[in-house]
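A single chain comes next, written as structure tokens; it is the form predicted on its own.
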Amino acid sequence: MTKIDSRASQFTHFKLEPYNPFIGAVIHDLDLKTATGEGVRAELRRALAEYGVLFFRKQSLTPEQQIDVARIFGDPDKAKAYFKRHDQNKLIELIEFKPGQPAYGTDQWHADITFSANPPTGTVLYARDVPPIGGDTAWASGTYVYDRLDPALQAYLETLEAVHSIEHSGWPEWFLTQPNGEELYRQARAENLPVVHKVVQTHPVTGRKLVYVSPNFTLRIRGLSRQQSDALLTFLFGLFEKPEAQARWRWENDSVAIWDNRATVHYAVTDYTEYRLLHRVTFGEDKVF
């Protein structure tokens, strides 16, 4: 029995199938809306910390039930982005694409909302109406990236801090496509001044170290010249692009992905032209690390 098989067999409330060797797991034989007992919830929390992203098929969740799933992992009333909100429950963000409208600019590797001093620790994303092909989401493991670095480089990165900024993301361009977009953008900048996060973080559940940078929000590394910072960040960003670090998920209606926003980055592939709607709930804690 392999190490991965042995780890998966520790879960008794559902069947866990590793998705890729270094990231991701598919959960079978579990209806999320009935995951009410503390035993199954504790196993889900442990599985998320160990595998980084959990995948589910054939779920059926109301907005309230999706929020309750998010509560398994954290507080759903934490940092949110600027997506449209659900009419009946403002904790639900609508990731909606209509033909002819501009995309959100999430087709870059990123962890959600790291331009905040206390980003969310994870997300529950539920596919309500998705095209039959296209629109996959890929995740990559910051733990995998750290583990593959030379020990001397690991030690050096642990001394560094990086600046994260909303202005470095796709949000400014998106704001400017909206009615009153210039005012919305000025308000967003005022509410989200650049913040600093350590380049290497320690996961509070697993105790494993991970690289915590991404192209969509990380602006520069403090204390380095622009040329040195750009070169180092380009090198680190490239490691997330290694297929071995990744898990790519093909969406179907009523499928769910739950990911650890501390230990992974993700990329929303924009190769679709048809209507698409997903419901998103982020969750967090008082302190991300």
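Numbering starts at 1 and follows the sequence shown. Keep in mind it's a predicted model, so treat the numbers as computed, not measured.
Note that the form predicted together with a small molecule isn't included here; everything after this is about it.
Q: Only one of I92, A140, V211, L125 gets a heavy atom within 4.5 Å of the small molecule in the predicted bound form. Which one?
A: It is L125 that has a heavy atom within 4.5 Å of the partner.
Q: Heavy atom within 4.5 Å of the small molecule in the predicted bound form: which of T106, S116, T218, T121?
A: Only one listed residue qualifies here, and that residue is T106.
Q: Tell me, yes or no, whether R280 is in contact with the small molecule in the predicted bound form, where a contact means a heavy atom of each within 4.5 Å.
A: Close contact exists here: in the predicted bound form, R280 approaches the small molecule to within 4.5 Å, heavy atoms only.
Q: Find out whether any non-hydrogen atom of Y51 is located within 4.5 angstroms of the small molecule in the predicted bound form, and reply yes or no.
A: No, no contact at 4.5 Å.
Q: Examine H197 and determine whether its closest non-hydrogen atom to the small molecule in the predicted bound form is within 4.5 angstroms.
A: Answer no; every heavy atom of H197 is more than 4.5 Å from the small molecule in the predicted bound form.
Q: Is H13 close enough to touch the small molecule in the predicted bound form, meaning at least one heavy atom pair within 4.5 Å?
A: Result no; H13 lies far from the small molecule in the predicted bound form.
Q: The small molecule isn't shown here, but in the predicted bound form, which of 141 to 149, 108 to 116, 185 to 193, 202 to 210 has heavy atoms within 4.5 Å of it?
A: Going through the listed ranges, the match is 108 to 116.
Q: Quick one: F55, A70 and K80 and the small molecule in the predicted bound form, is every residue within 4.5 Å by at least one heavy atom?
A: Answer is no for this spot.
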